[in-house]
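Two forms, one protein chain; structure tokens for each follow separately as structure 1 and structure 2.
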Structure 1
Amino acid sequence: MDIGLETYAKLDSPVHRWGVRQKLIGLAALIFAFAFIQDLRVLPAMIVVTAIIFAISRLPFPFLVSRLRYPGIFVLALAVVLPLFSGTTILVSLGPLAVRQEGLLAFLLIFVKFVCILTLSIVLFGTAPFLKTIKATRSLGLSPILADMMLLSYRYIYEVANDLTKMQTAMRLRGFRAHGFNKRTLNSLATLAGSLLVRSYERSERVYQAMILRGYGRAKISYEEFKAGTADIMAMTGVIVVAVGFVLAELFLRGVIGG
């Protein structure tokens, strides 16, 4: 069981080689700039920029599609709801229902934003080992408590998942079938969940002891591995400029700035 996005984290591409801190700042800026967009005329530029970054990252396209599938279901639900119920300008009439222009365009906006933002997120987290990304966020100021919690949780998710599988197998071997919604089934599943919690709780005491035995809390963390090269900073600046460009374009189109 892998964290899913790590499958292609070891490839080689300019994006993979981009310094993690700069990548974080740059792509985050772009992602939030995209979230700001409400004007449809900006969408083509969004698609182009996203496609370019994705292409440079050399991540496989089928990989991206597989990652978009699950969350895409929810968004596609909107594909039905919005065009049929939102807006007043009717484009096509299908019997009692009507496809409305505003709804259709609203959906288009959501859909493109969704795909672009998710693609950039996958590029951001799929082109470096997850661990390195966490350390980078810590070096950027994330609370050490949160960073430590994240690293420990990440590490032990696999163990708990293993426990779950083993316990489920044991239950099945004793004839348990989770078919009906009844008290016995619920109770067995509650016991299963409860056991996971208790085991993790007990394990955490031993982990804590192991940590303090090796000096937990005494380290002065060095961030040498994140020393930035000129290329890293230039790439980051470039992406931030693009992000700002998008924000300005949106503001201009809204009539907030410019002539």
Structure 2
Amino acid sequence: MDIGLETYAKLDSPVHRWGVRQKLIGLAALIFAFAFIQDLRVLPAMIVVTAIIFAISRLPFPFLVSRLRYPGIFVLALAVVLPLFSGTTILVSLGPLAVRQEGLLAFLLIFVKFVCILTLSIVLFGTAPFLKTIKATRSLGLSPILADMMLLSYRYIYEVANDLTKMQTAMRLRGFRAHGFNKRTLNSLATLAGSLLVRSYERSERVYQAMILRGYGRAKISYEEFKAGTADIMAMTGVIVVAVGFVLAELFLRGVIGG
């Protein structure tokens, strides 16, 4: 299994050269602003801003598509549920089924927000080494335990996936074939899940003991590498201003301000 977030972390682009801490603050502010949006009239601006940031990052488009593919399956499931069952204004009738306007608009809002937010997240984590990003979160005040848990989870998800692949191969070599959800198949899959859980727990114990023996928690971490330049601060400020602009636009369209 390969998540591949760091595949293009060494590219040379303005986003790659942007200071990690400032990039984290700026893009996180923009992500929260996008999550706040509920008015469909703001969506085109969201798409334009997201496209500009992605283009500046110089990440390959197939790289983005491959990362959106699996999460997109769950979102596309809403394309079936919402337009058919949410709302009262019927646009098209297909026998017993009817496509409703309210559900279609709700799906459009969710889909655009999903693509924009996930694209910004991929830009955030795909334009710098994951370890450096985690250190940046620690330098911004994130709990060291949470930061270490994120780093270890990212690191050992590959090992767990490799164990799962090996165990599945061993089961097939021993003649296991899944034929529906019968008792034998469910017992075999339950055994597989239990064995994988036990192996993962035992590995976590060994890793933790090895970390303790190597002085985990005693060393002081230096954040000198995160010194911000003028360009970093200006870029962060610009993105935050854009994020605030989105929030103000949403409030204005709702009539909360200026009305």
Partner chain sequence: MHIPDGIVPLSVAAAGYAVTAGATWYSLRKINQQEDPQAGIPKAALLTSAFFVASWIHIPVPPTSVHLILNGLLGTVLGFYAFPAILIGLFFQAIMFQHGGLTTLGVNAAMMGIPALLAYGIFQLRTRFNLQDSQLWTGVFGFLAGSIGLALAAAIAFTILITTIPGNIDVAAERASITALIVAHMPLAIIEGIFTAMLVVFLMRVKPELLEGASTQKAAVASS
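Just so you know, these numbers come straight off a predicted model, no measurement behind them. Counting starts at 1 and follows the sequence of structure 1. Whichever C-alpha set is largest while still superposing within 1.5 Å between the two forms counts as the rigid core.
S.K.: Among the two displayed forms of the chain, which is the form predicted in complex with the partner chain?
M.R.: Form predicted in complex with the partner chain: structure 1.
S.K.: Quick check: Arg206 between structure 1 and structure 2 - does its CA shift reach 2 Å or more after fitting the rigid core?
M.R.: True for Arg206: a C-alpha shift of 2 Å or more.
S.K.: 2 Å or more on the CA of Ser93 between structure 1 and structure 2, with the rigid core superposed, yes or no?
M.R.: After core superposition, the displacement of the Ser93 C-alpha between structure 1 and structure 2 stays below 2 Å, so no.
S.K.: Quick one: core overlaid, is Ile52 moving 2 Å or more at the Cα between structure 1 and structure 2?
M.R.: No, because once the rigid core is superposed, the C-alpha of Ile52 moves less than 2 Å between structure 1 and structure 2.
S.K.: Report, in Å with one decimal, the C-alpha displacement of Leu196 between structure 1 and structure 2 after core superposition.
M.R.: Here the C-alpha difference is 6.2 Å.
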